[in-house]
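A single chain comes next, written as structure tokens; it is the form predicted alone.
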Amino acid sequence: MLLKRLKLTNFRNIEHFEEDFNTLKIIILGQNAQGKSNILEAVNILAKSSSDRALRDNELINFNKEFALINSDIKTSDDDIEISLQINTTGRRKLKINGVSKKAPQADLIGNFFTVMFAADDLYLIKGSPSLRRKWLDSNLTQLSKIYHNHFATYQKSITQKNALLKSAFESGMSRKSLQEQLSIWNKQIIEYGAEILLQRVDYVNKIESFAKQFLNDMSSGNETLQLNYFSKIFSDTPYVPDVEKIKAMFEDSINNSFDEELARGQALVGPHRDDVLIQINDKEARAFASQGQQRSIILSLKLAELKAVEILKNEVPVLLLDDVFAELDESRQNFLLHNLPEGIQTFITTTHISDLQHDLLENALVLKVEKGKIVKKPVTSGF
């Protein structure tokens, strides 16, 4: 899979960007806050529909502009695709694929293009809050499955409605019986879609673990073993069984048992929106016991595993986006990354200093320099 052309209009601080990519390595050079990461963000949106950096669409639009445009030409293993996405301040999007308008811009974008993003912030995946690990899972699964995208969107809306109801009930003194009757409407949807989300998340974690475990084992010469375990309150007393109907039954029991606590706290406390992924190295929790070097190795292993998962599940080599990560990786980890990438993978790299990159990365690379959202230097190849 290759991104052959990208055109951006009014995307964040980039009023205009247009480039043809006739190489597998694209390096975007620039100081912080100049716009280089915005280019990778736009590419990532083409795959995942949403941004990992923005809460609302209007954050993606240049100041005082009404819309942003992302236009692209993509080559897959089977076909050539033209994708045009318009993001409006109104919150409504317009999507055209091969010139044909789509009625569901969020969902219809999914499945046409695949990326794996590795950003410097991913190093917080281990020591950060559970919300970061949930976001990581949802971002990966969203691009792999339109069904997951739809289930997740419906689940989120149901949780929002349930939380609003719990808060209003607490403040107004609604009777217990009346509240339970109203909650049952939202709980039904939460259980229905939440069970599907759980099933897909656990399956994905198991796949990622098998790939990442091998990468970390190779990187450490057999000295380090990685374990990933999906944690949910729903399975705290009962072993996980990969059966959606059994998950629904356990989910319902867990929600019923948490009614008083949810009412007291005014929020839904059971479900995928509260779950976590436990990351361990050599049977110890990585968050507490992994050194900084081990943490970098774990994250690198996970990112390589993501690439492998897309290859196997979608029969496509995704585009790799490396956002300011090479300054965080020593020479040995850089070498491991470069020697374990799929053959023919297209890679976009942002960096503040060209010296952070090994010479092999510069060979036959397209190098763009960005200042204040504009390309200020003509593309150059190795020797820059």
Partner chain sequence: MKYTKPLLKLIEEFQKLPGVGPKSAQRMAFYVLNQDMEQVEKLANSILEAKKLIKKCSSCHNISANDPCEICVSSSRDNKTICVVSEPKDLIAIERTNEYKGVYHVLGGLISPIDGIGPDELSIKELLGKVSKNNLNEIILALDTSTEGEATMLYLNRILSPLGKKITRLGFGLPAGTELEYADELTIARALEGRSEIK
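Quantities reported herein were computed from a predicted structural model and do not represent experimental measurements. Residue numbers count along the first chain shown, from 1.
The same protein also exists as the form predicted in complex with the partner chain; that form is not shown, yet it is the one meant from here on.
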Name the single residue among 278, 164, 313, 241 that comes within 4.5 Å of the partner chain in the predicted complex, judging by heavy atoms. 164
From 182, 295, 142, 71: within 4.5 Å of the partner chain in the predicted complex by heavy atoms is 182
For the partner chain in the predicted complex, the stretch among 114-122, 300-308, 147-155, 214-222 with residues bearing a heavy atom within 4.5 Å is 147-155
With the partner left out here, check for me: in the predicted complex, does some heavy atom of residue 176 sit within 4.5 Å of the partner chain? no
Heavy atom of residue 188 within 4.5 Å of the partner chain in the predicted complex: yes
The partner chain contact in the predicted complex: residue 193, any heavy atom under 4.5 Å: yes
Verify the contact flag for residue 206: yes if a non-hydrogen atom of it lies within 4.5 Å of a non-hydrogen atom of the partner chain in the predicted complex, no if not. no
